[in-house]
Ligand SMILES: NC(=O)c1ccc[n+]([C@@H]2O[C@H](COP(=O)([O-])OP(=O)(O)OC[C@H]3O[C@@H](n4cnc5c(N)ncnc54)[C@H](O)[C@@H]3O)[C@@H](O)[C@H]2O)c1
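Take a look at this single chain, the form predicted on its own, given in structure tokens.
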């Protein structure tokens, strides 16, 4: 969701641009592709379609004949070398996304979330150093939270291989900007939810997963008392901030925290899901050990830097976002459940 003034400015700046989106069949990448098509950009989607991640061909419904699709892994050196050569902008969203899975298989996490991104950046350096590259990091990079709202200067103390590799990758992007002059931009993202997200498991978007649980009238399980604060951002708002960063030169070499900027108790989010869907009983259970060991405490994003520098603000409130997400899956559940 983009306001009319921003939409006009984005189309003027992005029309005719060659844009690549890695992880482009997932929620964020495909929603980005839809918006770029509206802006008349020339879009190439790259996705390895690895299970159990978020790739879904239905996410391209309505734009499939207006984009180029490559089923390619970002770790494939020869393929990426060819793909980056003519691109003006690269949204590098491909990732292993589960912090618990990263504990079970840290080598895979490092291979995708660090080595894969290094492969993209090295090929950009060698074959297309003017390409603007944008990276999707995570709020989990901060680890234990000292104070909220969390600004960009908060210490980074990641607690899982996933968060660690995101942090190392962030440093790598800044290195390629500072040393090689590659125009890189880094985001640390709060909990994202919305349309086009896979709904098979809870490893991607906890809000989406609980919407499915409620739609199937299953228990909505809260670990502990549910009083922990979380910050949620609707996928359209997240796409908007990435697009704005891609056309504003002053964003290059910067790190931005991005989220809704509002703290919501976990139990309140769950009750909101149950109210919107009209089904699903909220149930409290003790924290499992494998979750408690990565719990970081309350989290709310300080969005003052991203708002000031990019002229961005979130437009979708949590309840409205849950309503739109629920309506989407009521219509298209057969493609996601």
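Positions refer to the first chain, counted from 1. Predicted, not measured: the structure shown is a model, and the values here were computed from it.
The same protein also exists as the form predicted together with the ligand; that form is not shown, yet it is the one meant from here on.
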The ligand in the predicted bound form reached by all of 145, 260 and 301, non-hydrogen atom within 4.5 Å: no
Residue 97: touches the ligand in the predicted bound form, heavy atom cutoff 4.5 angstroms: yes
Please check if residue 312 has a heavy atom lying within 4.5 Å of any heavy atom of the ligand in the predicted bound form. no
Though only this chain appears here, would residue 73 touch the ligand in the predicted bound form if you measure heavy atom gaps against 4.5 Å? yes
Just to confirm, residue 119 within 4.5 Å of the ligand in the predicted bound form by heavy atoms? no
Heavy atom within 4.5 Å of the ligand in the predicted bound form: which of 39, 48, 60, 274 fits that? Just give me the one. 48
Assert contact residue (the ligand, in the predicted bound form, non-hydrogen atom within 4.5 Å, options 220, 189, 182, 83) equals 189
Pick the stretch from 301-309, 27-35, 280-288, 264-272 whose residues have a heavy atom within 4.5 Å of the ligand in the predicted bound form. 27-35
Would you give me the residues of 117-154 that have any heavy atom within 4.5 Å of the ligand in the predicted bound form, in order from first to last? 136, 137, 138
